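This document starts with one chain, in the form predicted on its own, laid out as structure tokens.
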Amino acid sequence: MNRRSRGSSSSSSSGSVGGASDSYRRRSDVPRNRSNDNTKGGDSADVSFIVGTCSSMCPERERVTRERLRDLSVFERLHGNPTKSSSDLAVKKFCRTLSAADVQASDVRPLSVLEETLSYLLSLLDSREHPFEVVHDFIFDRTRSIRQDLSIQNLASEGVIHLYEEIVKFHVISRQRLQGCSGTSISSMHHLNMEQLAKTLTTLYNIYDANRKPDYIYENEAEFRSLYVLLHLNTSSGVMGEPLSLWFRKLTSNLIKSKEMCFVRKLLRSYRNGNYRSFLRTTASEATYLQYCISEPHIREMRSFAVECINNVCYKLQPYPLLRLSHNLMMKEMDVESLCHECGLEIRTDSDGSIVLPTKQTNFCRPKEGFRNYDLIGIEVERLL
């Protein structure tokens, strides 16, 4: 699976990420049939009929205005000049408040330009010139703008599906990479990223359904549907959406039978049954890259659950060998040592020189800042690329 990377944190983008809800949500960013548009108020109805004619990533009048206001992201500055950009660097910002009076066809990008814009944005993902949170901030705002232009034009064709899938990938990859970032704003960025991931998935699912053909599944549909299940394994995760019991009923039989959905249903059973060995082995042998990114927090959770169970139920006079625990948790033995220390547990060396975990320790705990990520031994790296 292709992966690309990016980010930003200048004043041009940080202001666009600051709120948890879009005032523009008067018109959902879920496309609708124009003939059935029952939205109240004439403004948003007028907006939905616009056909974009902007031929660049950013309308010229917006670029000129932002140059004058010094409102350029670090990725948009020509030779680092905060007052100068170009059509090859400037990307249209997300606009939180929008009405028909604000929108002109020349300010809206057609599908072909939006595809080029997204390709450019995703090419920044692996940038090493700036911290990832800076890259993420920039792409986060500009992909919202792409979704806004799609919504304004009420585009819901098969060509739009690819754009939404790529934007979902960005949010999934960001979810994983933000966990390795530090700073006071990371928690807020993670929350907003998860919120937009949920909204983008909802729109994508609606476009799948709007273009549904009998007994047909889009090439990547099953994998992207499976992400919903992984996001809702833990009912207390706080991720938006309906319960899985209701969500599954809406899937077609072909989707239910797909290998991607069979994988997540098996993972769901293992998770709810506390079967950590099955959960870890299934993830290592079957997960795609996106599925693995979403599963990482659950992998950490299942490993800490396993350590807690072993500490609580094993016989006190027979300490648990760390080598066996490393096999069960699919971890390096030195990583298991670190995990036990994170859980507040002591480890010892027995008379044979083997490292063991004494059980029935009373000081088990979960660190407030969360557990570290450890490699999942046995995963097929080639399958994730």
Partner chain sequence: MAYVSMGEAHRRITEYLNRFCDAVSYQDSSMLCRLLSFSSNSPSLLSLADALNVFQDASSLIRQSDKFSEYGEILAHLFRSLQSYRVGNLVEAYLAFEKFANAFVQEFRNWESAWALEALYVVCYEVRILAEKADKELTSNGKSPEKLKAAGSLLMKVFGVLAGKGPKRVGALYVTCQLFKTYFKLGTVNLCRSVIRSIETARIFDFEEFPRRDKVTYMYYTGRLEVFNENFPAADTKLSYALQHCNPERERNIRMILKYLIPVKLSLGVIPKDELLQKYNLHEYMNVVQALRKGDLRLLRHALQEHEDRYVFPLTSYCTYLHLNCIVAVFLRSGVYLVLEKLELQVYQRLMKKIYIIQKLSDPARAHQLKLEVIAKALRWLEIDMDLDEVECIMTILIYKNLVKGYLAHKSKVVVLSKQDPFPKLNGKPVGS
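Computed from a predicted model, the values in this text were never measured in an experiment. Positions refer to the first chain, counted from 1.
Unshown form predicted together with the partner chain; subsequent notes refer to it.
Taking the partner from elsewhere, P214 is found to have a heavy atom lying within 4.5 Å of the partner chain in the predicted bound form. The partner chain in the predicted bound form is approached by V313, whose closest heavy atom lies within 4.5 angstroms of it. In the predicted bound form, the partner chain lies within 4.5 Å of some heavy atom of N328. Residue contact with the partner chain in the predicted bound form: P243 places a heavy atom within 4.5 Å of it. Screening 135 to 143, 270 to 278, 160 to 168, 77 to 85 for residues having heavy atoms within 4.5 Å of the partner chain in the predicted bound form returns a single hit, 270 to 278.
Residue in contact with the partner chain in the predicted bound form (any heavy atom within 4.5 Å), chosen from S123, S187, S253, S106: S253. Between the partner chain and the residues R96, H130, R265, K199, the one pair within 4.5 Å by heavy atoms in the predicted bound form involves R265. Contact annotation for 303 to 331: residues with any non-hydrogen atom within 4.5 angstroms of the partner chain in the predicted bound form are F305, E308, C309, I310, N312, V313, C314, Y315, Q318, P319, Y320, P321, R324, H327, N328, listed in sequence order.
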